[in-house]
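The chain below stands alone, shown as structure tokens; this is the form predicted alone.
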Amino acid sequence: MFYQIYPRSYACAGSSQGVGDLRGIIDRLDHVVGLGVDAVWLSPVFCSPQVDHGYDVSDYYAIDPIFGTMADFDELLQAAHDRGLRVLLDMVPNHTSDQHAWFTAAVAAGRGARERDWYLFRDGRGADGAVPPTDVLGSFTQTPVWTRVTEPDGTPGQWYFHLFTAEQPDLNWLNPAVLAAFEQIWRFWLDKGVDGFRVDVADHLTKDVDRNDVRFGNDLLTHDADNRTHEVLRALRSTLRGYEHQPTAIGEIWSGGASYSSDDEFPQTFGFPILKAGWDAPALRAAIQEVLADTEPVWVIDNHDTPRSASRLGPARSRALTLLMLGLPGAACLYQGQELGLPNVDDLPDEVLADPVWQRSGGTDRGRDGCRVPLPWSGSQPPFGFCDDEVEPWLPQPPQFAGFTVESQRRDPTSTLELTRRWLGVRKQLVGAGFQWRDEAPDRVHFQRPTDTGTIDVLMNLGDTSIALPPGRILAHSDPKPPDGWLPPDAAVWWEV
């Protein structure tokens, strides 16, 4: 059981900028332990200009000062291990920051230099090279995927490819030197005792940037069985071997994790199809069946890139889908605040929006800030214990967060927090990968899982009327009130026959 911490928004112990930090995580680590999870995944804490909030790395060997120091990280790692928690770092291999030493060296070296081969540089079109190499747009911002550099002699020069923002130049993974550098980076953190990595957009490494027959950058990606990405992942997987603490790696694969999940590539990939399936029983069953083809899925319905399910689906349906997810074989991941039933904040003022998607879409796409608003811990008004009262959080918290604080929910046995704790306790009874569909009616998702002593049925009602429950002992329920012989709409239940 994983718990995703988005460090900017988890807890702030000392930042005058209202940004969460490593010491804040240390101070609030017992909250994670109290949930009953096994591991935490930290979104990037490496040095970064923070254009994309850490997903633009300028130094993979250092902690960004906005989060603290390497000593703070070492203390966090030790504190987590002392509590029985494993720690995974978010690794970003598709691109770096344009302020990374590799990129600045590539620009400074000039056209044709070997340093340029670390990235995807191309000559422009036209007699003076002033037209970008292709007309493709970035899937992230729908702006051109090419930016022109100034050569060392001051003249306009080549163009470099970036699938995301211009400040995130894509690496050239056909260059063996890039792989060798990342193998060294992985071993640096593994030697420190880090328990593995969540690998950002891991299926984006192989792309044909010279194509001009598609509109968007994601269509340049190749996922065939012999693309370079598989060779890279096999090499990176080999860095995990030989460590006594048995580190793992989870791939962020939106294109279908099964093709990248194997004994010699990713031990685990995220099960995104259930996040995308919506509130539809046949679609959810198909999504579950698709993900079960992976060797070891990590199920997820919330993360830092998607609107929170409490708003996307509604609070009751979000609780029900979370309980359903927790009953599936494999691992699962909660995104910070999901255990509180935290809603998305969709009415942030335009002037505070910080996601580059907002700026680069010309104000037409509000981006992902709504799911990244700092957590409410205590009190009745902002900043709700996230930081000192005299400090403003980096994103403003709405007054209605007062009803979602950890402090208030700890006192309420019917709260989403307390329900989640009970669900995770019951989940420990499930064993192995056993799974059997029980019913394929259009108004429900129903399956059975083995335990050491028998079986547990998991049922979610997606219809408009209540479903009669057979005799049995209720073990977990998504509604604050346990079902009394009938499962109401928009609810889920586990029972033991």
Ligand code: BGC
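Throughout, we count residues from 1 along the sequence that is shown. Every value quoted in this text rests on a predicted model; they were computed, and no experiment measured them.
Here the subject shifts to the form predicted together with this ligand, a form of this protein not shown in this document.
Taking this ligand as it sits in the predicted complex, is residue 151 near enough to touch it, meaning that at least one heavy atom pair lies within 4.5 angstroms?
Residue 151 lies outside the contact set for this ligand.
Any chance residue 55 has a heavy atom within 4.5 Å of this ligand in the predicted complex?
So residue 55 counts as contacting this ligand.
Does this ligand come within 4.5 Å of any heavy atom of residue 338 in the predicted complex?
Heavy-atom contact with this ligand at 4.5 Å: absent for residue 338.
Residue-level contact is defined here as any heavy atom of the residue lying within 4.5 Å of this ligand in the predicted complex; does residue 304 satisfy this criterion?
Yes, residue 304 is a contact residue.
Considering 344, 172, 268, 168, which brings a non-hydrogen atom within 4.5 Å of this ligand in the predicted complex?
After the contact test, the surviving option is 168.
Under a 4.5 angstroms heavy atom criterion, identify the one residue in 252, 98, 369, 195 near this ligand in the predicted complex.
Checking each option against this ligand in the predicted complex, the one that comes within 4.5 Å is 252.
Among 47 to 55, 460 to 468, 27 to 35, 447 to 455, mark the stretch whose residues have heavy atoms within 4.5 Å of this ligand in the predicted complex.
Result for this chain: 47 to 55.
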